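The structure tokens that follow cover one protein chain in two forms, given apart as structure 1 and structure 2.
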Structure 1
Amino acid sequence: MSETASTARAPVALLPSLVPLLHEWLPRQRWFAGKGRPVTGFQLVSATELLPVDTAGPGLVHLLVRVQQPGPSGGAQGDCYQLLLGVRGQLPPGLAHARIGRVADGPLAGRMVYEGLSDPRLASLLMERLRTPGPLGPLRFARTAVIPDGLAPRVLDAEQSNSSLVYGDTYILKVFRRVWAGANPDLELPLALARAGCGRVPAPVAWYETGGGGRGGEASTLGVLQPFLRGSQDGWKLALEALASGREFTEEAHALGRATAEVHTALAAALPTVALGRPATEHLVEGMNRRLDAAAQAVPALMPYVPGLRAAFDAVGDCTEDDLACRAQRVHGDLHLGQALRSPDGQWSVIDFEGEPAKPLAERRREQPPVRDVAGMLRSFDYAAASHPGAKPEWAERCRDAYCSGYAEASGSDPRSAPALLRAYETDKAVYEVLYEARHRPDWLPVPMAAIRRLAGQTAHP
């Protein structure tokens, strides 16, 4: 393919002329993390031409841009985002939906800038880069296997924290939108699991990154290509289907509990673990209380429940040494039904090891008690029942029990045996969900709020 003869020349003068367009377009993107706070400035981190922009045909520019906003996220420097901008004189009608805008001045004056991943020609070019690894300016492309050529791309139409492209129903490429310094756990953990022979996770086939290398420090992951599990359906859809047809979901939940335990066992074997114990647990509880305070500041509806929720956290102090005897290890970090894919023959796989997208990377990569993931999935059964009109809470209870039983059978450790710890993590997750929904899907806020009321009421408080 002739378009691979690309250049890494950085069009540094590009950003100022793009600023008015980005100002308007960026905050509207589903993956933009800084919603609700004004954008006060942009700073270019790197600009790489994957396909020259000064020709008649489409060009492709890879940008890493810091977005300055008031408030805590990203600190004074601002959050860093990955953009892949297509550049053309005119947009064909089929790409009208991808339009960002026409550039008024600067090196691209008069040309149209658009979401490059939506253009099959440019999406194919990105794949071409992954097929032929090596450096390109500040970017580095790597692969673990030979990747066939000529796979047609399509943008995945899913509500996402990032952007994904499916190539020929064979591979799926996740392009991380918010970029952090260091390896993304969504590359790090699946690679470790693949090397450990765990078949519950699609193994990374290729990735691209920037930074690190000779200058010290770790490279930042920008995108990961993995096998596309064709014909699989995610657990969220399956659970809602079961609810809609009045079916139980306990068999599936039990198998999912087993799959989760297998992933945890493999992660504990492949990567370092640390003893949990009382001091570490106290530290975890402090974190939960801190997150609760921050969430209640941001979502005042939480305020009346703060004492009850705090009591759920403080109850961890009554755990026995036996309850806290487990080891902290690397975990999934944002496990829910949408992160589990079930193959037509009933096998569960787990995807998206990025963790909670808003948390700093260092925090997401820290060892944690595995019960944290269990709690995430338990919340998800509750979410499914709560979002289906007329569903009985007992449906979710049965799923939750089946999931824990499956987990206990496969791991030898029943998450229900330390109920205070489990409830504290469930509470922590529900608090996270309140904040998440308030920011991203305000219509969904009643779902975690119902859980907040229940969890706050379960623990006696003065």
Structure 2
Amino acid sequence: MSETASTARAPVALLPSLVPLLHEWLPRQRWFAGKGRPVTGFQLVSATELLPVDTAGPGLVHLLVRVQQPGPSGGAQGDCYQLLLGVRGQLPPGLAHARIGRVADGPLAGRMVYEGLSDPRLASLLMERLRTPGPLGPLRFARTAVIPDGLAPRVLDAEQSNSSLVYGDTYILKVFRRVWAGANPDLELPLALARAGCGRVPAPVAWYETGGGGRGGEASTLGVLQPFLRGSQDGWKLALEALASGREFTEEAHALGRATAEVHTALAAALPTVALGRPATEHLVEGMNRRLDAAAQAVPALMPYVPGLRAAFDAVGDCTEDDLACRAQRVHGDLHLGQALRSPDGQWSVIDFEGEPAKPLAERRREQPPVRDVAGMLRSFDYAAASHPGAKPEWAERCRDAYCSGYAEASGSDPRSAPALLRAYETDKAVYEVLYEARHRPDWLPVPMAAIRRLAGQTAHP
């Protein structure tokens, strides 16, 4: 479709006609980051007809919309969201759950708009665009391999900050809902790992993006297609199954530690690494202390432990040049048991390199000590044990030791040899967990609080 076709629906008039519907629908979406704050305005960034809406069948309109909200998350410019709107005269009963509403005026007056990814016909069309690389208005589609046609789509219902579709149990497409300027790490890092020959991460098969191009700017990633690891189970489910059956998980944890180390080693070889000098270390500690202060203000239960937690952060400044604190590289950024998949033959893969979606993209793409990922996984073992009634803390401790031992065997560097840094990152993660659980799942608050008490009382060892 030509650029002219993509603008045929008068985008200047399109957004105002959709605003009443978006005001109601957007805040209810699980991937909307601005929950709890009023929406004060919308700005259209781009509008592209992936399938013209003036045909006999459904249409598909791709929108990038900036949403204004008060508060630091929205910022002066507001967050940008990717919407894929289906357009029909009437919705069939099977799509009633995807309904957004009927447009009262403007270029789509009288038509029903709905979540386009829920429509198998429109989801198949998006795959067809990925199979045919090239520009489409402001969008660009690219692929690294030939993609077969006729793969039936289905939407994954898992709770996540994006939308994912599986095509024929062969590929999975992640559609990034909150769009940042620049390459998303979930495309950037797996591409780099594929070039490095690392088989622990599914290599991107296709993707689409916007921006950059001839203007010299960096493109913004909108979606990534990767192989679907059929038959694999995530580490969280496997750990809970082990707990339910009363068996150990140390063998799996050891192998997962090796897989993590292989990913870190490949990333260090494929992308730049940096030495963390004292200014960078001080900046790291300042950020941890700042997050602690904010969390303690919001969750008073943290207050008695603040001195001990602050000591854990301040100890990072005493690290020597032999510590892992002096090496930083690209890392996963949000590693836990749910981000690791184990195949039926026992091989671990690591997925979802987006990092923590709430953090700015520039921060997620910054080089960091690899022990940050290790600390995230150690906290995940604690959560697994705490989620099963009757599980003893020693179960998690054995998993933690096995994981670190596997990491050390594969990398030559034992995370436990940098105890101050590992403790600081685990503490920072636990502080985040306390704030999250207090706001969203109060019944789970005792889990991170147990870690807070342990970490605040330590003086030397994680």
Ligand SMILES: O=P(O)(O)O[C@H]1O[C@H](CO)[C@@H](O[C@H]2O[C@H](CO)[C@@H](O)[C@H](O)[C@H]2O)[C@H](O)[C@H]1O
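Owing to the predicted nature of the structure, the values given are computational and were not obtained by experimental measurement. Between two forms, the rigid core is the largest collection of C-alphas that superpose within 1.5 Å. One-based numbering along structure 1's sequence throughout.
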Number assigned to the form predicted alone in this pair | 2
With both forms fit on the core, has residue 431 moved 2 Å or more by CA between structure 1 and structure 2?
-> yes
Is it true that residue 23 shifts between structure 1 and structure 2 by 2 Å or more at the Cα, once the core is aligned?
-> no
Does the C-alpha of residue 228 move 2 Å or more between structure 1 and structure 2 once the rigid core is lined up?
-> no
Residue 446: Cα shift between structure 1 and structure 2 after core superposition, Å, came to 4.2
Cα shift between structure 1 and structure 2 at residue 277, which is computed once both forms share a superposed rigid core (Å) = 3.9
